[in-house]
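Just one chain follows, in the form predicted on its own, and it is written as structure tokens.
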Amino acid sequence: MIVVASANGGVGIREAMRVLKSGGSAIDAVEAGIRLVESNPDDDSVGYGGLPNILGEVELDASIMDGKTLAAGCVGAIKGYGHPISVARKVMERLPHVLLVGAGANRFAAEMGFAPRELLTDYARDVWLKRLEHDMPADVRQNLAEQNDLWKWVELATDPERAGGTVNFIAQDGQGNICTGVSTSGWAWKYPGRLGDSPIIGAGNYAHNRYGAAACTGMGEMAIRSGTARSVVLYMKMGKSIEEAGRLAMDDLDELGGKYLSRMNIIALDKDGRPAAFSNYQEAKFTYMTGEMQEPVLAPRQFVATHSRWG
């Protein structure tokens, strides 16, 4: 048994391992661990307390994938529900679909009995307002939702330090089944309705019992364009070690062109339960915990340089 997570997953990794030790499935463990991160108001990149879009609305994305069956469930741009990972699991289990977004995701969450809640904290509101005040004249701020050139203001409000932030979990249970889950509030000050890689199977999340699993944090547009999570697993299917697979997937990101290239982080697990993690940021860390460990380990990710560009 093992649980691997992004560094901010430390809030929930012990609970995820407790679930596994109690006989729970990898899916149960991933959901339990992520829910604690989604409830953490000190994490402004996930769930309650997440930073809002440019209109001041918190939109959440999440996905979950079962490595045994390759079933998956995803939600994007869901508002007013604090545990998108649980809504995503219900999509996987109750619908013939994989991805619900916006009003449809909200409606489904209500039908499944999830309780709505306010997600915008005072801190997140203050940070959002200060950012708008820095970039926008008062008359624009006061009528922001009615602007017909909102796209221009999104570009002005863009901050490369706020273009990522996500929680990743991978678990392998006592039966050898693997599950991956991802949850995020996405890019701060984003255009309403923007989806990154987190709710996209193959981009930010992929799991397959026979080969392994991977999940991403960082600038989701990069992972979408490269199919990063699926690439890591595909490289392992081709016979590469987990270390080789992660480096190759990072090298794929280095081939991207365009105006906006920033941080990218990957966590991975191979079929034999070996963890690894990669980043183009030298200080990045991840965490993992096996069934034999009393406490999780916080470890450095392997650094793989990729070029960056902003604007």
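For every residue, the number given is its place in the sequence shown, counted from 1. Bear in mind the structure is a predicted one, so any value in this text is a computation, not a measurement.
This protein has a second form, the form predicted in complex with a small molecule, left out of what is shown; the following refers to that one.
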Report the residue, out of Y81, Y235, W187, Y211, that has at least one non-hydrogen atom within 4.5 angstroms of the small molecule in the predicted bound form.
-> W187
Picking from M219, L119, L100, I200, the single residue whose non-hydrogen atoms come within 4.5 angstroms of the small molecule in the predicted bound form is M219
Option from 124-132, 178-186, 106-114, 139-147 whose residues, in the predicted bound form, bring a heavy atom within 4.5 Å of the small molecule | 178-186
Should N205 be counted as a contact of the small molecule in the predicted bound form, where contact means heavy atoms within 4.5 Å?
-> no
Just to confirm, T166 within 4.5 Å of the small molecule in the predicted bound form by heavy atoms?
-> yes
Although the small molecule is absent from this view, report whether G196 comes within 4.5 Å of it in the predicted bound form, heavy atoms only.
-> yes
